[in-house]
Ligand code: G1P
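In structure tokens, one chain follows: the form predicted alone.
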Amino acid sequence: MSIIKTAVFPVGGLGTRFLPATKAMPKEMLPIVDTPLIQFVVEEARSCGIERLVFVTGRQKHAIENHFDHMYELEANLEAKGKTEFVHLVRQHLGEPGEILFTRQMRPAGLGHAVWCARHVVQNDPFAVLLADDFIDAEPGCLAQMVKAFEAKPGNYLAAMEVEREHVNRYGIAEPVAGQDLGTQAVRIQGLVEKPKPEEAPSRLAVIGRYVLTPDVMKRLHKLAPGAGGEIQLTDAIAAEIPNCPTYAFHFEGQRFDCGSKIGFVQATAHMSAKRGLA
């Protein structure tokens, strides 16, 4: 059994880049073929033994709560028509009662603030953070790969990938420890910079939306002042813990699509369509 028991899903964002589609529907409910983005990351978390799923929501996010609950009228209608395969389809992702928890972020104050809102569930245990915007097709899942590395060598783990120099200002960028072999799966780092200018970036190693973190990161978030953009940044809390805890940029095996962008969303849809033989 995994020693990581809790996963946090920050889902309070407004999804403005996908307006008007996200005016009334959470961006996390946008489907890749026939499956919402949020369901992919929930399944990824469950696949490595995580038992508590904490959704940090905002206003107008009720569709996410409804998706992970029974819809008795629909199920009864499907059963009456003998469509048992669809009944199974809408029930298979529900999980056990009490497994899924929801809390409100109350105000948009950054990713770090959203993660901090889950502190009473996480308490003093290591935990995972998954961002639905980052769609990763991998087997085993990206998080499962990271949890395995964490269990072998505890520390803070951040999924990472090399990006073009001109794109580093879109990400948190890791600064590897001098002499590290950047080709290894877990590269120990000595710093993090949130969205640096290309000429100031310490590397091209960009952090993306999967984290396995120690509870001390949550304690850091409690004391943290606003950083880039006037928001509480998760990378700032992780960076503050680097002197006390080994921290790794983790090269996962798999293909990542940035579904926070329209082009990335279209590419992910095309990829999964082809994979399922629909293209």
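In this text, residue numbers run from 1 along the sequence as written. No experiment lies behind these values; they were computed from the predicted model shown.
Another form, the form predicted together with 1-O-phosphono-alpha-D-glucopyranose, is not on view; read the next lines as being about it.
- Contact check at 4.5 Å (heavy atoms) against 1-O-phosphono-alpha-D-glucopyranose in the predicted bound form: none of 40, 68 and 100 pass.
- Using a 4.5 angstroms limit between non-hydrogen atoms, residue 171 touches 1-O-phosphono-alpha-D-glucopyranose in the predicted bound form.
- Among heavy atoms of residue 151, none comes within 4.5 Å of 1-O-phosphono-alpha-D-glucopyranose in the predicted bound form.
- Taking non-hydrogen atoms only, residue 204 never approaches 1-O-phosphono-alpha-D-glucopyranose to within 4.5 angstroms in the predicted bound form.
- Mapping the unseen interface onto this chain, residue 188 falls outside it, with no heavy atom inside 4.5 Å of 1-O-phosphono-alpha-D-glucopyranose in the predicted bound form.
- 194 is the sole member of 75, 194, 125, 175 with a non-hydrogen atom lying within 4.5 angstroms of 1-O-phosphono-alpha-D-glucopyranose in the predicted bound form.
- Between 1-O-phosphono-alpha-D-glucopyranose and the residues 208, 129, 117, 146, the one pair within 4.5 Å by heavy atoms in the predicted bound form involves 208.
- Looking at 194-202, 136-144, 117-125, 85-93, the stretch with residues near 1-O-phosphono-alpha-D-glucopyranose in the predicted bound form, meaning non-hydrogen atoms within 4.5 angstroms, turns out to be 194-202.
- Of the residues in 94-125, only 111 comes within 4.5 Å of 1-O-phosphono-alpha-D-glucopyranose in the predicted bound form through at least one heavy atom.
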